Every structure is written in C-alpha cells, then in structure tokens.
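Quick heads-up: the structure tokens below are two forms of one chain, split into structure 1 and structure 2.
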Structure 1
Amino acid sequence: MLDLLALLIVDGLADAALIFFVAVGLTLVFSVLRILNVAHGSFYSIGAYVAVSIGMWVVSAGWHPYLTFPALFLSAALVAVALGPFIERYFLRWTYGKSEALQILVTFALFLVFEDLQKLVFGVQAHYEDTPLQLLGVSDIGGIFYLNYQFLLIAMAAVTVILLRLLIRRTMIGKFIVAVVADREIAQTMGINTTRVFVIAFTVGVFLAALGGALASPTSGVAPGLGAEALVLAFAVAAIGGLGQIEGAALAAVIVGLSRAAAIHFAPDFEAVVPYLVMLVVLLIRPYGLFGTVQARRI
C-alpha cells in the first residue's frame, strides 16, 4: 500500500510540475493584463521547439553534454525576449479595455498563426533531444524506475513558485505589479508606468510557458499539436486555482496531477475527464476558484 502511495505521489507531482509551468504563466498574464491569452499554448510549444533545436546544436557541436541544461533556460529566455515585448506592443496593447471577446479572438488568431509558423519552420514530424534525461539516469522507488529528470522537474516547479513569490512580494517591480492588479488607474495616477509593467508581466508569462515547453521537451519531444494540448489543461488548472492566483495555480496543478495519477492507477477510463471533473466540483463550490476572491464590479 505504501509503495502504491509513493507511486501515486511521485507520478502526480511529476505530472503537476509540467502542468504548473504553463498554467502559472497564463494566470500571471491574466492577473495583470486581464487578458485570457489563447496564444499562451503556442509559447509553450515554441519553447519546446527552440530547446530541442539548441540542444541538438550543442550535442552536434561536440560541446559538453551538461550544457544542454542551461540551454533549456536559454531557449525560454530567447523566446520570451523575442516574442513577449513584440506581441504585447503590437497585438495586445490596443485591446486593453476592449471587450473580452475581442481579446480572445486576437489571441486565438495569434495561436493559429503560430501553429502554422511552427509547421513551416520545424516541419510536421516529431523532434527529440533527450540528453538531459539520459545524463541524470534513473532511481528505483518501490521497485519502479523513475527518471531523475522527473524529480528535477518537481524541484524546478517548487523553486519557481518560491521565486515568483519573492518577485511579487520583495521586489519593486513586484510591488508595481500588485498595485496594477489592485487598481490599474490609481497605480497610474501614483506614477507607476503601467505600460512597462504590462510588458514585463507579459514577458515573464511567455518565459514561464516557454520554460514549461523547454523542460518538457527532453521527455515528451515536440510535435505539432503540443501547444493546444498544454493550453486546454492550463485553462482548467488556472480556473481551479482562481484566475490570477500564482499559489492557486500551484495547488491546482498538484490536485490535477494527483487526480490524474489516481485515475490511471485505479479507474483508467476516467483519466481524460478527471481534470475537468475537478474543475467542475471546485467551481460549483467556489465559483472564483480555490484562491480567487469575489470582486466588486466597477461601473
């Protein structure tokens, strides 16, 4: 029984870690920009494509294989710097304050464009670069081998939660973000450059999504369709945690990860619907999600 419990926890947390990265970026962007960014899934898959490409280049160039680890972070940073400010400035900024339907349509259009661009650049076949996974080896837990890379992912997710919390609570830009989230107009009146805050928050969101894709790529590879898969689950997790809630996204990812693991072990027929069943139950009880709060509507 203890062995089975250990399996469930390890499987659930490893799954949760991957879901967390994409969900937390989505929720951060929503909390600051008030935009439900459908293109977020594309940043996840682009991060994966760039990570695989750089990883393959590092290996083929004969560089030290451990350089494939920093390459994962470098890929996410490149994607964030290249796309974050550009998308925010030229595609999102003019939609602020406009209807949510328009914002969703714009980001959906971006998603479709990115999907086709990825096929154009990377082709339609799956790509793999699993050097980081091979370097770390495996561990035996309860008679079952786990990839040590899976534990690295869990640790990375935990570190990301802490770093994001420190960023929001302990840094000046974090305080600006909190002020903008609390009241955009008053923050602007007090001299906060909200345009800059939006660009930074959006770029951090893109970085987190791209990092999720980059970190997932050694185990799952990358093929067209990866972004859509990540996005749907990220929406569910963000809704469960409460849109805009970083800690909520972390807790929701753990709940969904553990629920999926339990379903696969005990009731495999329900594996596909479990995240959405959890979402349904949570939203029935707490319509704003686990960490969400009721907000007064301003007229």
Structure 2
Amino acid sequence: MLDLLALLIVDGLADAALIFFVAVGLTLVFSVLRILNVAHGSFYSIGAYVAVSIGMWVVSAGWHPYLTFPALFLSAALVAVALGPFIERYFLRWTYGKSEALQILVTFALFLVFEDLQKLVFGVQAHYEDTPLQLLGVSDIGGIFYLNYQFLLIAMAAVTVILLRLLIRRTMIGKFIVAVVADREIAQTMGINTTRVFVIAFTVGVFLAALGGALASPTSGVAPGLGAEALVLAFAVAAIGGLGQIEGAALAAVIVGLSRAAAIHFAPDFEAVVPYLVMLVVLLIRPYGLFGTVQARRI
C-alpha cells in the first residue's frame, strides 16, 4: 500500500510540474497585462516542437547526448525571445483597456494561426526525442522503478516557484510588476515604464509555457493538438488557484496532478474529467479560487 502511495505521489507531482509551468505563465500574464491569453497553449506546443527538433539535431550531429538537456532550456528561450516581444508589441498592446471579448478573440485567432503554422512547419506526424529521459535512467526504490526524469521535473518546478518569488520580491523589475498589478495608472505617474514591464512579463510567461512543453517532450513526444490540451488544463489550474496567483497555480497544479495520477491508477475512464471536477468543486466553494480575492472593478 505504501509503495502504491509513493508511486502515486511521484507520478502526480511529475504531472503537476508540467502543468504548473504552463499555468503559472498564464496566470503571470493575466496578473500583469489583464489579458486571458488563449494563445498560451500554442507556446507550450511550439516549445515542445523546437525542443524535439534541436534534440534530434544534436543527436544526429554526433554531439554529446547530455547537450540535449541545455537544448531544452535553449528551445524555451528561443521561443520566448522570438515570439514574446513581437506578439506583445503588434497584437496585444492595442487591446489594452479594450473589452475582454476583443482580447479573447485576438488571442484565440493567434492560437488558430499558430496551430496551423505548426502543422505546416513540423507536419502532422508525431515527433519523439527521449534522449534526456534515457540518459537519466531509472531508480529502484522499494522494488518499484521510478523514472529519474520525473524527479528532475519536480525539482525544476520547485526551483521555478522559488525563482519567481525572488523575482517578484527581491528585484527592481519585480517591484515594478507589483506596482503595475496594484494600479497601472499610478505606476505610470510614478515614472514606471509600464510598456517595458508588459513586454518583460509577457516574455517570461511565454518562456514558462515553452519550457513546460520542452520538458514534457521527452516523456510524451509532441503531436498536433498538444497545445489545446495544455491550454485547457492551464485554465483549470489557474481557475482553481485563483487567476493571477503564483502560489495558487502551484498548489492547484499539485492538486490536479495528484488527482489525475489517482484516477489513472484507480479509475482510468475518469482521468480526462478529474481536473474539471476538481475545478467545479473548488469554484462552487470559493468562486474566486483558492488564493483569489474579490476585487473592485473600475467602471
């Protein structure tokens, strides 16, 4: 029984780690830009595609296979630098202060465009490159074999939570972000360059989503539709934790990850709906999420 519990915890936390990366990027963008970015799932899948492509290139070129690990982070950085500032500047900036419906339509249009572009560039076949997974191997703990890559994912998610909190609380850009989130107009009157804050926040959000996709690629590969699946899960996690709440996204990801792992082991038919059942229960009890609060709306 204890062995099964340990297996559920490891599987659930590893799943939670991947969900957390895309969900925390979504909630960061919403907290700063006040835009519910429907295109966020595309950054996850693009990060996965780029990671697989770079990893396959490293292996085929005969380079040291351990270079596939930095390739995962490099792919996320490339996606963030290439898409983050460009999308914020030319597609999102003019929607600030406009209706939520317009913002959702714009980001949904971007999502559809990116989905088709991925099919044009990478094809419709599934891609798989699991060198990082194979290199780390497995560990025999109590007669049960665990993928060491799962422990890496859990550690990476924990480090990301710590780094985000340090970014927000201990750096100048973090203080600017807090000021903009609290009151955008007052932040502007104090001399804060809100345009730069928006670009940085959105680019970091893109990086986190792309990193989640890159880290997920050795475990599940990448195929068309991956972005939509990640987006729906990210919305569920963000809603459970409370939109704009980093700690809420972390806790909600753990809850959803453990719930999915339990469903896979005990009731596989319900695995797909468990995250949304959890979301339904939480929102019925706390409509603004676990860490969300009621906020006054300026009209």
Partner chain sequence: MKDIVRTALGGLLLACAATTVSADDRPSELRIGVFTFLSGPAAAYGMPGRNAAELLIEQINEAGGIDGVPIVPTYVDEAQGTDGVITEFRRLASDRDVMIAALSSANCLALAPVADQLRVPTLMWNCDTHQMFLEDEYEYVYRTNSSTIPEFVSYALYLLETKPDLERVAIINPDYAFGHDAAEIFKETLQTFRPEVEIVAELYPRLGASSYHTEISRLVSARPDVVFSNLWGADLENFVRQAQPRGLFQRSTVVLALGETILQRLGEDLPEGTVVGVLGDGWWQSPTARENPDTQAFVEAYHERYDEYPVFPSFKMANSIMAMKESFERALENSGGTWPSREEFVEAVAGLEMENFTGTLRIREDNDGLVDQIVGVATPADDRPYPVIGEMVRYPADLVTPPVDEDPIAWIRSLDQDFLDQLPKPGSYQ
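Since this is a predicted model, take the numbers as computed values, not measurements. Counting starts at 1 and follows the sequence of structure 1. Between two forms, the rigid core is defined as the largest C-alpha subset superposing within 1.5 Å.
Q.
Between the pair I just shared, point out the form predicted together with its partner chain.
A. Pick structure 1 here.
Q: Could you tell me whether the Cα atom of F266 shifts by at least 2 Å between structures 1 and 2 after core superposition?
A: Passes the 2 Å threshold, so yes.
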